[in-house]
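Just the one chain here, the form predicted on its own, laid out as structure tokens.
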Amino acid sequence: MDKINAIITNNPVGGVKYASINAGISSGKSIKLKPLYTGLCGTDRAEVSGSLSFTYNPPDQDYIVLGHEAVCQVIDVGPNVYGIKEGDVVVPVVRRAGQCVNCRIGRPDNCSDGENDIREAGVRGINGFMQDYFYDDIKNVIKINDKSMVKVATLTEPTKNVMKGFDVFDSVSKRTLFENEDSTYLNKNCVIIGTGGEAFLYAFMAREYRMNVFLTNRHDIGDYKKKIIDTIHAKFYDYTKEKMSNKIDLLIDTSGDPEAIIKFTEQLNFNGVLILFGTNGKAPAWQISGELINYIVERNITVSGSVDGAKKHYLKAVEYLEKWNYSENSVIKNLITGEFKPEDIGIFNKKPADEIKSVIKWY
């Protein structure tokens, strides 16, 4: 059996290695893919640190190949495959359908099979994309038509999470008249907790809704991030030093920090919406008071979790990434702040200064 190089961990224990493993086999899968770039995110680092108890290795393996953000080149196509050819650039989807009703209608992002049945490449039960090559099914990839988008397309997976998050917002905000009297979201305040890659992508999308957009954190950020925030006409503030002067209409958390979430929930407006996206299994517990429950109930505040996205969200992500790539002076490219080699596994344990999105180049 052929040997290939891959970046692996042992879920849910953790650790990270750049190692030689047995290459996968096609087993009837229709295309062979070579990663061009893979993105590194908080989930990968949480796996390496052993912080995600719900993660698990593929059956009969004592490791899992990391990586759920990737853009790949098709290097071989099986028989009777149409719409994809050798040399095409594609993005593989992460979550794979199980047997529940949501999975059967193309919504594995809303899988109800239970934690031990959810399969996510590089996270739960399926090897990820940080390897020299792998095989997949054509139904699990999204084609990137604009090849000038290759590196930016690494952001497709995290952007699809944003598309799902705003789908959730669109649904739950309809329980009231969330819009202004003029049918717009102008002067509605959207606060995003966190200043990582997902936070910036949420900010890009919130600007599409023409809301006032604020990114916030418990510490100051460098000039590089501030410049991007200025370019997209958003604002930043350190919430340990400042407080929103107006109530928050839409609150999006990318931190998974209970203390921060509770702090900002107390600033939500009547009929406000809180979207919980960030996860942090090692964040310290924080008490919820009866007064906060009263606040949420009496103001008709909606709290909703959002994870992953369906294939339609990947398609929408590509659409918006293309738009952003050709507007705002291509500032979307500046979200990729570091490029590394596969053997540079130290980045899994130590985040580079001012990182927004680090990527690994495989060619």
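Just so you know, these numbers come straight off a predicted model, no measurement behind them. When you see a residue number, it is the position in the sequence shown, counting from 1.
Although it is not shown, the form predicted together with a small molecule is what the next lines describe.
K.L.:
Just to confirm the contact call: exactly one of 59-67, 324-332, 306-314, 25-33 touches the small molecule in the predicted complex at a 4.5 Å heavy atom cutoff, so which is it?
P.N.:
Heavy atoms within 4.5 Å of the small molecule in the predicted complex occur in 306-314.
K.L.:
Of the options 279, 110, 73, 267, which one has a non-hydrogen atom that comes within 4.5 Å of the small molecule in the predicted complex?
P.N.:
Exactly one residue meets the criterion: 279.
K.L.:
Identify, from the list 147, 247, 143, 218, the residue with a heavy atom within 4.5 Å of the small molecule in the predicted complex.
P.N.:
Residue within 4.5 Å of the partner: 218.
K.L.:
My question is simply whether residue 196 lines the interface with the small molecule in the predicted complex - judged by any non-hydrogen atom within 4.5 Å.
P.N.:
Yes, residue 196 is a contact residue.
K.L.:
Indicate whether residue 234 is a 4.5 Å heavy atom neighbour of the small molecule in the predicted complex.
P.N.:
No, residue 234 sits far enough from the small molecule in the predicted complex that none of its heavy atoms falls within 4.5 Å.
K.L.:
Going by a heavy atom distance of 4.5 Å, is residue 166 a contact of the small molecule in the predicted complex?
P.N.:
Outside the cut-off, so no.
K.L.:
Is residue 257 close enough to the small molecule in the predicted complex to count, meaning some heavy atom within 4.5 Å?
P.N.:
Yes, residue 257 sits close enough to the small molecule in the predicted complex that at least one of its heavy atoms falls within 4.5 Å.
K.L.:
Give a yes or no on whether each residue among 38, 203 and 348 has a heavy atom within 4.5 Å of the small molecule in the predicted complex.
P.N.:
The answer is no; none of 38, 203 and 348 reaches the small molecule.
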